[in-house]
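There is one chain below, alone, in structure tokens, taken in the form predicted on its own.
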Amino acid sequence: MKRLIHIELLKIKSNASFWILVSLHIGIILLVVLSGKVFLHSLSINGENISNMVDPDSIPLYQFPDIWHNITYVASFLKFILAIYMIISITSEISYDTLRQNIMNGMSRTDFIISKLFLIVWLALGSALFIFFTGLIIGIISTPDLQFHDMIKYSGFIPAYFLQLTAYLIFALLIGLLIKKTGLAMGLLFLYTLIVEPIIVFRVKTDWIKGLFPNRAINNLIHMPFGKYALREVQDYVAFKEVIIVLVYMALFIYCIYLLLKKRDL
């Protein structure tokens, strides 16, 4: 295991695309989160209350416990940035025959999958920890009356975000391995995520069937939280059945990756 981790770390150490995309992921999350806070603060100090009825500072977007749900939901839209790297990683291994060379040097196909899964978990964990500390700092600054139970309430969205990102990156790895060409793989991933599945889901009339589609299932781990500020009912918890569906999809994706590597002539 240590050898596999060492090999994967050597691959990313001098990989410019890795550092660029990770920095972009972190930078955009910070930009989106902080710009929203600055916008609300600007409305407040300029006296431009919403419909002259609501003080923007009274909307607890960045206060405990709401910060955990809000920040993970916003961050979930940026998972495609890390998915780009996963596609670049696997397609580069194929294009430059690194995968074949690793197999020839004694690495099994299972070892290769484990090394890539380690990278995925490492990326997802790093992103989740960044979200956690960002939310913690902003929440402490923004919450007027800090209470410990408020600080930990809804914090379950952090592991939900980790699971969501892990599942999506495994899906991206599968697409990259299946298509083998970087541009085509990215195009297919975005086409399916943003157009194909949403259209299919829109045409399906039964709600529980909609939740069984892979991208929808992954996204359903963290439902949109902002409706509650307009007095609408929202799902402010991580549903156990939705976690199970995602875990099943993760197992299915990994099995498909294994079959592709096992049967494909490298």
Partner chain sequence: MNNVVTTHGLTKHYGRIRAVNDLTLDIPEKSVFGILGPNGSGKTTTLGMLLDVINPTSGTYSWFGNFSKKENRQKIGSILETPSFYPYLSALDNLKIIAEIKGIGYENIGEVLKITGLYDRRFSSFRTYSLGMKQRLALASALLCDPLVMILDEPTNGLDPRGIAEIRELIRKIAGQGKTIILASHLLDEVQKVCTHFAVLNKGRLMYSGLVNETHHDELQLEISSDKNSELFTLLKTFPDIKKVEISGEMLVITLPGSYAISDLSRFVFENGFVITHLVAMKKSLESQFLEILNEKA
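Residue numbers count along the first chain shown, from 1. Quick caveat: nothing in here was measured; it's all calculated off a predicted structure.
What comes next is about the form predicted together with its partner chain, which is not displayed.
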query: Residue 109, heavy atom within 4.5 angstroms of its partner chain in the predicted complex; finding: yes
query: 4.5 angstroms heavy atom contact with its partner chain in the predicted complex for residue 96; finding: yes
query: Touches its partner chain in the predicted complex: residue 147 (any heavy atom, 4.5 Å); finding: no
query: Interface membership of residue 103, its partner chain in the predicted complex, 4.5 Å heavy atom rule; finding: yes
query: The unique member of 20, 251, 244, 10 whose heavy atoms fall within 4.5 Å of its partner chain in the predicted complex; finding: 10
query: Residue stretch of 157 to 165, 109 to 117, 183 to 191, 73 to 81 approaching its partner chain in the predicted complex, non-hydrogen atom distance within 4.5 Å; finding: 109 to 117
